[in-house]
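Form predicted on its own, single chain, as structure tokens, below.
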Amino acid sequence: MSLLDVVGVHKRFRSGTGVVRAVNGVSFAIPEGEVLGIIGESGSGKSTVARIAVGLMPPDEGTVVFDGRDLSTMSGRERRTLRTSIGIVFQEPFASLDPRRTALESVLEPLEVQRPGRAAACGRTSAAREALSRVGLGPDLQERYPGRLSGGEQQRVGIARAIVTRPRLVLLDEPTSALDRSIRGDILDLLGSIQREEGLTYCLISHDVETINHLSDRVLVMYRGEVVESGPTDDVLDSPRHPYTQALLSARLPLDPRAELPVLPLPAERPAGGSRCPFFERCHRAAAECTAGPIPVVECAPGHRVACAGLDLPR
């Protein structure tokens, strides 16, 4: 049974030029203990769908079910309980922390909501110190304010804050994008060890392929609010089938500076007619088949699905 089920979710926002479809019919499930990575360029809708999945914003259409319970039908008490079952690690570690609170006070805050009252104070402090120690912050750093911590230390506080209530699901929203490359690996290793030891379920949002590859068991590739490819991480990253996934992966710089940079062919002349494919206008393989009705979802390998009408066309 899945811990989280997202079914047919849509989300639209009004802008100065009309309505923007941020999420358009996205569905996925995360079994308990799995790490699902959602990848795509800026504006692909990955952060919006993740916020909907953890109840930070409602969908316009569709349903979100956590542990068998529909979020839209939950009572106020159930929603408060849900907040302790889901932790969030934000993109900007400094912005997510109150500059007037020490590291220890920041980690104590969610526990004060979960376990109010003076009688529980001793237990809250002990749990907060344990969580901070778990992420590598000793007693001397626990009493510091965010401004006196490095970016990596701030993010460790954010991780401790996310896991201190012992959640079942943790949303990682670009957890390393604001950090120096020299410390990204340490934070990813920390997140991986916590996930394995605690049996946590992660929903990881990133535009960085290496971050997804480091942590994820399975990956969704999003473009303009839609899932264009999904499957086991190794399959999708090693054998991408959708033209957008291929373009996204080709943008990675090779580790060897002497290696030749990959080049995708320029878009060809577009066939006449409309298309539901969100990548149609940028696709170098666009063909008449792409305008002939709904885009099919093809399973090209076990669990590896691609939304592409031209999947079997000559390359």
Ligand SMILES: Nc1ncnc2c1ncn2[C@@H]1O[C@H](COP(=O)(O)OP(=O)(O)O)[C@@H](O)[C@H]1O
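Residues carry their position along the shown sequence, with the first being 1. What you see is a predicted model, and the numbers here were worked out from it, not measured in a lab.
One more form of this protein exists, namely the form predicted together with this ligand; it is left out here, but the text below deals with it.
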Students should find that, of E61, E41, D67, E32, the residue having a non-hydrogen atom no more than 4.5 angstroms from this ligand in the model of the complex is E41
May I ask whether F94, L104 and Q142 all come within 4.5 angstroms of this ligand in the model of the complex, judged by heavy atoms?
-> no
May I ask you to check whether A22 falls inside a 4.5 Å heavy atom distance of this ligand in the model of the complex?
-> yes
Is there a heavy atom of G45 lying 4.5 Å or less from a heavy atom of this ligand in the model of the complex?
-> yes
Quick one: find which of 242-250, 24-32, 276-284, 46-54 has residues within 4.5 Å of this ligand in the model of the complex by heavy atom distance.
-> 46-54
